[in-house]
Structures are given as structure tokens and as C-alpha cells.
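Only one chain is shown below, in C-alpha cells, and it's the form predicted alone.
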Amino acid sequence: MSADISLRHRQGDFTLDAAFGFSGPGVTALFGPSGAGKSTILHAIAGLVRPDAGRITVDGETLFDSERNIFVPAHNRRVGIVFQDARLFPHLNVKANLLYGAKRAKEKPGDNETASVIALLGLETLLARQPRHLSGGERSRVALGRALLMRPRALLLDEPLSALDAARKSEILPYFERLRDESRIPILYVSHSMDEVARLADRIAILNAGRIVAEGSLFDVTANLDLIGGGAQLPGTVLEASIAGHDAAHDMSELAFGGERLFVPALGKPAGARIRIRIDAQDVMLALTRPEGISANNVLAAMVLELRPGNGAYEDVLLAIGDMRLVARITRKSAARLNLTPGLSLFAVIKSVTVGGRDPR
């Protein structure tokens, strides 16, 4: 299944003029700063906003076409949407909220499918509770279950974790990962949190000031020097690594990454497991020789691929580490002092690595 969106919509002095697509299975993140137009796009796909112009198709069906005067009402679109405030019916218990979604399905889910969604989201013990007795994370899971029981052909998640504190986010993120891995429908995940995007998304579309400025693989886009630290507000690179082993004596885990090794505080996952890591550009130092006598555990052999002037006094440097790409942000004075040029071999000193929502130092 896939969705293609091309729309133009004006709200006051702000004009949204965006075109992109997303498909399933998997998660496409719509990422950008507050006010970029992310929620407006979701509301347009769901039928809650009628754009001034454009075209929206989902699973081959045209839901909106301004030239042909097509506008399918929201209740006929078979698109599930979950808002950041959950919007559960306060007078219904959890089970009744879930069954409300099932009643709206074109073909109602059977008992086995309903039970599977409840199990997927860990809602078995909550069915008799009223929404006012649920935590923020529990309410988000119920809202997600209600949307899934509509049997949607696409699922839209509008910053579903933004109202939660760090503890509640940690509670619910594993459920979103299970949904990503087990669902066959395309998911569009709106967020301005790169930690959430890095953990969940396969693809990313960057929205800035009402325009899509980049889209593609999460790994390729986050290593794009045109986007790092610019208006798109990408802080650094997202990469994949595998757990090579654990050092129980020092409570550390060893990650295999681009033919090199990264050491981070112990992870509760088995050797061989693949994980996402995020390395902020400003957390990468460069050295012409392998430094000795420093506290940093992670010193990786690298090669300069490209240099690009950054904001103010900074220079952005694209590095190759094996077949991986990493971006470092250093001052222009440091780049000149090191005489950095494409093809130069050097060492990247990694000061901080974000792993699975944690920030190992």
C-alpha cells in the first residue's frame, strides 16, 4: 500500500506547498520544527482539512483532487489517526473505546483480530478502566488500538508522544516498535523529536517552512550536509549497528559499526541484535593521529569525503567509516588548522552516542 500527497494550502500568512509519498510496511517520519505544517498535512490526509489545491491518493483511491472536485469525507477514508492528546471518550471504558473503532471498520474485525490488537498493545488488564484512571502512556496505547481496530489502510500518528514525560515515552516506545515490525500498513509518524524518529522510522520526509526539503532513507537523509544544522534542524547522523558483545566487568556493550567498534553502557539485548544509533555532529571531534591518554572510549579510523561551511563559525565534515557515513561539526578555524581536504585519513573521536532513546556517555 502507498500514499501520494501533493497539496497547497494557505492559513493566514503561512503557505503550505508540499509533495511527498509514503508506503508500507514500515514507518515514514514527517519531521520538522513546530509550525512547519506537519499537522496540517496529516489533517488533510485524514479529511479534517480541505486543502486549497492538490491531490491525495491512498492505496490507489483518490481521496482529494481539487481539479476534479473530489473530496471524500473523513469517515469514508479508512485512514486511522492518533492525536497527541489521545481524545478517548471519557464516558466509555477502555474496551468500549476500542470497540468504537471496530464499529467504524468497513469490515469489522473478528474476535481473534481484536484480541491480537489488545495483546499487541498490552491492554488486557486495562479493559474495564475509565480513561481518567489511565496514565498518559496507557491512553496513547488505547487510542492506537482504537485506530487499528478501524482496520485502516494507512495510519497517521500526530506527535503521539509529545505530551508525555520521559518515563511515559520509554513505556510506550516498545509498543510502537512492535507495531512497526508486525503491521503491514503504511504509517506516517509526525514528530519534531529526532530521538523518536531515529528509533522508529525507515524513511523520512523533512518539512521546513511549508516545503518538503528532502525525503528518502533515514540513514541517507541524516548524513546529508545540506540538512545538518540548517533550517531542517537535523542534529546529526542515524546509523545501524549490531551488538558484538558485552563487557560485564565494566558494564559496557560493544557495537560493531562500519568495521570499527563502539563502546556504550551495557544494553539489555543479546549479541547479534541490530540497533539504531544517533551521533550528533557536534559530538564528533577529529584528530590527525590516534589520540592517547583521553577518556573517550570511541576513536574510529575515518576518511574525509566532503567539507561544507556550516552556520557561523562552523564547518560540517562528511566522513566515511567503512561503508558508513558520519557528519562532524567543527569550527572553521579547526578545519583550517588541521588542513582538512577530501581523501584525508584521520580519526573521529565520538564523545556521545544515543542508543535506543538512551544517551550513553
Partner chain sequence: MHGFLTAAEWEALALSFRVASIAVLCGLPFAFFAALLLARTQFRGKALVDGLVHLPLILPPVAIGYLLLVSFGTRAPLGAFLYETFGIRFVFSWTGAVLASALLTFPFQVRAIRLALESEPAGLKEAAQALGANRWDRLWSLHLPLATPGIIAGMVTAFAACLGEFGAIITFVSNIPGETRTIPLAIYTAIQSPGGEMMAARLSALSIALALGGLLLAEFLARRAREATGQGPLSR
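Residue numbers count along the first chain shown, from 1. Everything quoted here is computed from the prediction, not taken from an experiment.
The form predicted in complex with the partner chain is left out here; the points below concern that form.
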Residue among Ala119, Ala244, Ala287, Ala74 with a heavy atom within 4.5 Å of the partner chain in the predicted bound form: Ala74
Among Gly268, Pro90, Gly272, Gly110, just one has a heavy atom within 4.5 Å of the partner chain in the predicted bound form, namely Pro90
Any chance Val221 has a heavy atom within 4.5 Å of the partner chain in the predicted bound form? no
Using a 4.5 angstroms cut-off on non-hydrogen atoms, would Phe83 count as touching the partner chain in the predicted bound form? yes
My question is simply whether Met150 lines the interface with the partner chain in the predicted bound form - judged by any non-hydrogen atom within 4.5 Å. yes
Is there a heavy atom of Leu48 no more than 4.5 Å from a heavy atom of the partner chain in the predicted bound form? yes
Only one of these stretches, 98-106, 277-285, 186-194, 235-243, has heavy atoms within 4.5 Å of the partner chain in the predicted bound form; which one is it? 98-106
